[in-house]
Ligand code: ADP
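Single chain ahead, by itself, as structure tokens, in the form predicted on its own.
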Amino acid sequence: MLVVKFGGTSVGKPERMKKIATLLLDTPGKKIVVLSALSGTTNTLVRIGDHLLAQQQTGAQQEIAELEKHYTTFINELYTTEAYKAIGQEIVSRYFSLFRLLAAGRFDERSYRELLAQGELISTELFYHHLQERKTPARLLPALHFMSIDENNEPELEKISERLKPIIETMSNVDIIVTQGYICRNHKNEIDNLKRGGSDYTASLIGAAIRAEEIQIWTDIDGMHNNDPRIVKKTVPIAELTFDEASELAYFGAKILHPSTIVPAQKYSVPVRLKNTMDEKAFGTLISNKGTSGEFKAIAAKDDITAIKIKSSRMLLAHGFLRKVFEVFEKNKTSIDMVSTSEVAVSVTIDDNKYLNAIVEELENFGSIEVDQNQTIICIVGNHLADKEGVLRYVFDSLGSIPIRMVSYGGSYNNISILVDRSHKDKALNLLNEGLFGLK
């Protein structure tokens, strides 16, 4: 069985929703189809929720009315018969009555989470009835029946599997099962979500839970590229990546893939394929356990990084110094991306400045502190890069005169990370594209 996920842009217009229905019909075998909300819907629901939390009823009602107009137009273009247009109108009326009911009552964080879940629920119901209008056998499977997270907001993969497998067995007479991405239930059995971008995560969790043949993530570009196409003119799609390579790229800024997506699939060795809804014949990118050693594969960049340098002459003789430094970040719930040490100093980077002032205040007990904001981590990824002779020379020669603030190499077989000022990012990505891949 395949698990096939389509994002908001893939279902954002009636003609695109029709196209993915055709694509599914042309793909042999059984499929679980994971859909996001229509593009723009979740952002609008966030604005509605923010208005309601701030008790701004007028703003919320205006947003609801505008969104309802959009859906009314959408169903009139999606369905061709009057009977199914009437079904579509009933669906829209039902959901927007719920929005107004939520807006009229006591609106709290629990209500907010319930509101955000409606985008996926409405998109899947509309798509399911489009399949019905095309006389395509399909079933609608609510994700709230099987998808759950624990008290730490982590998915309960084994429980998801236990619930999902018997449900799917009861649907063996159809080839297409439609469900929602993003949404779930929490440990209190309340409606919750897997956070933004979570539809990719849903697909991976389902694929791992049922040990799928393959997980397909369909977007509007032809797979993961070797560099950022928004900044670098000449990029190329990557045919194959290992799970570790893809994880590094997703974490360090490759927007096509949610950072959490790889984890469940990798655990059970379920291949993940990135495909393009605009060009379904393109190969895309296949992510699996297979890899080629010693090759540069891709470059990604992560902005809004802050570098913190702690300098202390006491470091050399102070046992446990680093432990005390890291405890400061742990106490302030702030993750560290890069670390560089010497006899008298240690530099670290963080991507969340929420507790920066408190962190700096505590670190001043250990020595002098320097803080550099607006930095960018550039991540160069490949499989067993250390097997490539002169690997760092290639990187440094490519960057030329660009000043490098930090380097991390050796902590991972797949990653060389460099830290540069944000102002040098675009030039650095283009220089690396030319120096490492011969593309300019």
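Keep in mind that this is a model prediction, so the values were computed, not measured. Note that residue numbering follows the sequence shown and begins at 1. Definition used throughout: the rigid core is the maximal C-alpha set that superposes within 1.5 Å between two forms.
What comes next is about the form predicted in complex with this ligand, which is not displayed.
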Self-check item: Candidate spot Lys309, Lys324 and Arg405, all three touching this ligand in the predicted complex (heavy atom, 4.5 Å)
Solution: no
Self-check item: Interface segment, criterion being heavy atoms within 4.5 Å of this ligand in the predicted complex, picked from 330-338, 75-83, 129-137, 253-261
Solution: 253-261
Quiz prompt | Heavy atom within 4.5 Å of this ligand in the predicted complex - residue from Lys302, Arg185, His225, Arg273 | solution = His225
Practice problem: Let me know the one among Val92, Leu363, Ile221, Ile177 whose heavy atoms come within 4.5 Å of this ligand in the predicted complex, would you? | Solution: Ile221
Self-check item: Residue contact check: Pro229 to this ligand in the predicted complex, 4.5 Å heavy atom
Solution: yes
Exercise. Report yes if any heavy atom of Gly8 sits within 4.5 Å of a heavy atom of this ligand in the predicted complex; otherwise report no.
Key: yes
Quiz item: Once you line up the core, how about Gln118: does its CA shift reach 2 Å between this form and the one not shown?
Solution: no
Quiz item: Does the C-alpha of Cys379 move 2 Å or more between this form and the one not shown once the rigid core is lined up?
Solution: yes
Quiz item: Any CA movement of 2 Å or more for Asn227 between this form and the one not shown, core superposed?
Solution: yes
